[in-house]
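Just one chain follows, in the form predicted alone, and it is written as structure tokens.
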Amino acid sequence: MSTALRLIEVDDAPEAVLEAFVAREWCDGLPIVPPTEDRVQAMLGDADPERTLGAMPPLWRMATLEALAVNAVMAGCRPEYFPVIVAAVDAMQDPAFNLYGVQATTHPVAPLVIVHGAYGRRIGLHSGSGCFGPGFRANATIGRALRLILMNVGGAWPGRHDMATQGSPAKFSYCIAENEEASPWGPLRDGDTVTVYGGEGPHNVNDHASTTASGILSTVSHTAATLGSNVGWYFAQSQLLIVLGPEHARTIAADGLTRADVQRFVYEHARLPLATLKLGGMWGMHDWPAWMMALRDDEARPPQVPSPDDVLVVVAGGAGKHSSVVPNTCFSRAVSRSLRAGA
């Protein structure tokens, strides 16, 4: 282990380890696996511990592979999970993701990690019933490792650099696999790939009655269009993630709709009239430039996102007529990385 990381000695009792890490603000409050030199080395494998993925905001500490491995051990990850963690951090460091904004905003946003491809299935990443958790080690520990990295390397602690007003359970762990076998349209991204998306916790879409694509997608669109949403037509970076349950996806596809058709439908229908938008939410914030409030027709229904391509559609989950809408934080865009590129 490099001298850049601090070595401490504590009693090997689990309670003593937890107390030591909590006292030093090195963990999320949950029990951790002690990151001994042997465990960190096993996590790294043949990877160069000094390799860095750049300075991580908001405190701009260097995201070395060794630092990532330490946090992955603490979170309870297996070594085979590490390529996913490296690829996800690499994606979050892309300027388009705007990690500084995601880390520091008052909005309860968290990086949702979506894993595509066969590698995720081989390591046990879950894409079926209850995929948002709990109960699945790979999902839970990969998501938790990333949160520990965001705290310990990036330095975003609640009320200190992470200014989320209320936070979110998604900030503990937020990782799923795409249920590619259940998708009528194939995967969102080809091959062994990781996508990070700065999103709120999932908003449930309950539709047990609709038997047509238009019925289900109208419910999805209505769930997405809310006055309190951080997504807004005035932000050029806004995106919207739709996570369709397999039953809803099958019904939609049976009516002949493609993924592009779903994107277009939600883009056109997830809207509120300007008169409603002006009631509250984010309308009229004092520091907005004038062009953001240039629209005058109260009957106009501006789109939430710039284009249909900004509605991302994946299939995940198991049996049941439920789906999810995951709004983003309006200034962050989803970024994907190949697992090979992040290795």
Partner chain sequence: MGTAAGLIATTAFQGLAVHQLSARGVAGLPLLVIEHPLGGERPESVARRAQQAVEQLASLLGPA
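Values in this document were obtained by computation on a predicted structure and should not be read as measured data. Numbering follows the first chain given and starts at 1.
Quick note: we don't show the form predicted in complex with the partner chain, though the next part is all about it.
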Handout entry: Proximity to the partner chain in the predicted bound form (heavy atom, within 4.5 Å), stretch among 121 to 129, 243 to 251, 156 to 164, 218 to 226
Key = 156 to 164
Handout entry: Contact flag, A300 vs the partner chain in the predicted bound form, heavy atom cut 4.5 Å
Key = no
Problem - Contact of Y100 with the partner chain in the predicted bound form (heavy atom, 4.5 Å) - result: yes
Handout entry: Exercise: T258 in contact with the partner chain in the predicted bound form, heavy atom 4.5 Å
Key = no
Exercise for the section: Would you check, heavy atoms only and a 4.5 Å threshold, whether L59 touches the partner chain in the predicted bound form? Expected result: yes
Completion exercise
Partner-free chain; cross-checking the partner chain in the predicted bound form, the single residue of T106, N206, T212, S168 with a heavy atom within 4.5 Å is T106
